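One chain follows as structure tokens, the form predicted on its own.
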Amino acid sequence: MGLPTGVFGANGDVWKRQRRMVMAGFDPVHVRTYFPALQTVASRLAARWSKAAAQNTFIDLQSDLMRFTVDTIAGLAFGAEVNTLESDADVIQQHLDKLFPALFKRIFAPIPTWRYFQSAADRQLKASIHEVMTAVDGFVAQARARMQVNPSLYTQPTNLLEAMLAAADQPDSGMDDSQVSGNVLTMLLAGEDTTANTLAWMIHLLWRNPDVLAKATEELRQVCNDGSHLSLEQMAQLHYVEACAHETMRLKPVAPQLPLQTIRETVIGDVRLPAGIVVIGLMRRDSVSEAHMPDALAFLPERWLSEVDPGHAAHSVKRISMPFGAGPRICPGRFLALLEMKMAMATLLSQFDIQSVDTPDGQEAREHMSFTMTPVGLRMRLRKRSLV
């Protein structure tokens, strides 16, 4: 598709250099600095949902949560003012939304027809890629300009992009602005669909499990009763809500397939694999298996809070469910993603009462796989909570 390579797609020494640069930006100290941007976006989400509650209208859950994550990642990661929650224009979002489905379709296409004949969809995709990369290059240029005016940003970056540029400018980094741009794009894509989809599934599962919803609501209202001016310290106290997020990702992982390619001949189990073959790991198979945990299909966040029997550590839910991957290539943004999820849930459950979460036909939300796994048709009605 002609997209620059970011840390998720890089390999070898290029991956090692990019990983160092990206992890520098996700340092917990830096994330604390980014937090005010997340607070701003959460207040916009509350305002949008307050309007829907006052009008008693259905909320397109997936659409609103995608707006929340796009605004969040643009602010936290790039210091850019992208405000889709208070606007229906959502220009960058409508272009971003075309990339993952197109990538998924091309991966499985038996014939690469786009190389020989450009369909209308191919031309639209090309235009969207151009618009997205124009925005990405603009984010990098703006950050460069800020850092030239204020050199202190090299040691005290205010967003992920500034931290990556500071790391890239180190003498031995081996990085340039094109690789920074690749990771800006990666953060935009990885930070939009995945977190929004998980939040939508989480709200859906909470509604279908009233006892769990009641516990999560009670915890939130004890920690942050009115839902305004939510702090990082309050987010750290939301243990049950975080357990709900982990349990959601166990049952509804947004990346249920993890394709890997062998770099040399190897053996997995008793199967010989030649170099260059693609192996697709099915990330949900064991995490919903009774062989690995009791009541495997039930939504039980408590299983994430229980102490693991040392004698059965290999069967711990934390070892079976790996929504962020595992090993050296585990998702670098997992801490930030969980923080976003807790902030969105704190905004929802502290300020509103959920009236309903359903689909237009009243059926179970369908799973749609287009690189990430998306719930289809979820809508929500809210009532503004009275604090009197």
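Keep in mind that what you see is a predicted model, and the values were worked out from it rather than measured. Quick note: we count residues from 1 along the sequence shown, nothing fancier.
Omitted from view is the form predicted together with protoporphyrin IX containing FE, to which the following refers.
A heavy atom within 4.5 Å of protoporphyrin IX containing FE in the predicted bound form is found for exactly one of Ala190, Leu213, Ile92, Leu153: Ala190.
Only one of Cys331, Ala46, Leu61, Leu349 lies close to protoporphyrin IX containing FE in the predicted bound form, with a heavy atom inside 4.5 Å, and it is Cys331.
Proximity of Met249, Leu258 and Gly325 to protoporphyrin IX containing FE in the predicted bound form is complete: all three residues have a non-hydrogen atom within 4.5 angstroms. Segments offered: 27 to 35, 339 to 347, 355 to 363, 49 to 57. Contacting protoporphyrin IX containing FE in the predicted bound form at heavy atom distances within 4.5 Å is 339 to 347. Within this chain, Ile73 lines the site of protoporphyrin IX containing FE in the predicted bound form, having a heavy atom no more than 4.5 Å away. Although the partner is absent here, Arg19 is a contact residue: one of its heavy atoms lies within 4.5 angstroms of protoporphyrin IX containing FE in the predicted bound form. Within 4.5 Å of some heavy atom of protoporphyrin IX containing FE in the predicted bound form lies at least one heavy atom of Thr198. Taking non-hydrogen atoms only, Ser181 never approaches protoporphyrin IX containing FE to within 4.5 angstroms in the predicted bound form. Residues Val7, Phe8, Trp15 are the ones in 1 to 18 with at least one heavy atom within 4.5 Å of protoporphyrin IX containing FE in the predicted bound form, listed in sequence order.
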